[in-house]
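First, one chain by itself: the form predicted alone, in structure tokens.
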Amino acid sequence: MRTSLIRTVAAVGAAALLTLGTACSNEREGAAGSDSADGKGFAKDSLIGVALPSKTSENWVLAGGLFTSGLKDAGFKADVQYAGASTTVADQQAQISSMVTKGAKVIVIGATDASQLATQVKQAKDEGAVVIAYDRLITNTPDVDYYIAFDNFKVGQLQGQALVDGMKAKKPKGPWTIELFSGSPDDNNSKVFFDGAMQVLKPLIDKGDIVIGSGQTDIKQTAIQGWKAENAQQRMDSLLTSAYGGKKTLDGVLSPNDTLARAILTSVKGAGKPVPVVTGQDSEVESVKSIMAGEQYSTINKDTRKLVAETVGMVKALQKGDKPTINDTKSYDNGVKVVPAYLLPPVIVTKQNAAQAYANDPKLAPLTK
């Protein structure tokens, strides 16, 4: 048995604490497909559109190059676009509309704002294109055919457990004082990560084993707009000033990704405070270095190479008129429909298992020796 979340994501900023249901693991397995794809196939040299958000992390930068080469190697014409650095979704909306106009047969979308693309994906569907939500679920629309991502609720669970494990290793007996950070409110994944972590942390908070020093537990209070490092550092500076004066210590920080983790650590070190246990995600180079140096405690390995390869595999199946492999038909409710999903397993990484976790990664493996 495993616990699964029916991820209803119709509104950003919903209650921070999750609603849980239990289900047998076989509910997440199988090869059921989507009835929304037309199944007619298309020419091997067709245009495939890929709309990605701004280059806010190493993984988004890597994904663009991998999509360009992977789709071309498979014989397709690739139109890979990044949204601009602004906080609006207008760039991506225009890019998707342009891909539809050019006749793209499949459009892969890593959403800049998951709730503001309904018009564009309807336009794509009306023109017969298949829409794949990549990494971030697109919400409030029936016109998304598939979702592909790492299991992001599991990511949150792993982060929450890593935070507890790291604090126990440094301070075997609680209570432990922590702070909570979450991602950008316009990213649907932010709440999924947060809810996964809170499944682990909330029982300990309720028991008094974990204390939130600032009292800020709501996702609206913990969110970092735009996933920007400077916003995370400013919030951490403020928390340290307001809640950690004198000898009061901070044992841990739940950080949803590596960029924010490093900003949090910069703030703590700048204030002259002891380094707390800090989680992360994305296996960014600087964070892996930090983990090996004993500063950042953990990250999550979500191998972008695998995710892009599986997405290209979906496109190839659709080109042949086949339904792509799906292993989750229950968990991802976007507010209008449950979107058939293919989920990859994330891996927690600490200093203890980094060499093993990155053994096949030519960029990160040398950092763990």
Ligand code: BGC
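Because the structure is a prediction, the values reported are computed rather than measured. Start at 1 and count along the sequence shown; that's the residue number.
Same protein, other form: the form predicted together with the named molecule, not shown, and the subject of what follows.
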Check each of 193, 146, 297, 181 and return the one that places a heavy atom within 4.5 angstroms of the named molecule in the predicted bound form. 193
In the predicted bound form, the residue from 125, 262, 136, 154 with a non-hydrogen atom within 4.5 Å of the named molecule is 136
Can you say which of 237 to 245, 161 to 169, 210 to 218, 275 to 283 gets within 4.5 Å of the named molecule in the predicted bound form, counting heavy atoms only? 275 to 283
Answer for residue 227 alone: is it within 4.5 Å of the named molecule in the predicted bound form, judged on heavy atom distances? yes
Residue-level question: is residue 68 within 4.5 Å of the named molecule in the predicted bound form, judged on heavy atoms? no
Check residue 59 for me: does it contact the named molecule in the predicted bound form (non-hydrogen atoms, 4.5 angstroms)? yes
Although the named molecule is absent from this view, report whether residue 92 comes within 4.5 Å of it in the predicted bound form, heavy atoms only. no
Quick one: which residues from 182 to 215 get a non-hydrogen atom within 4.5 Å of the named molecule in the predicted bound form? 187, 189, 193
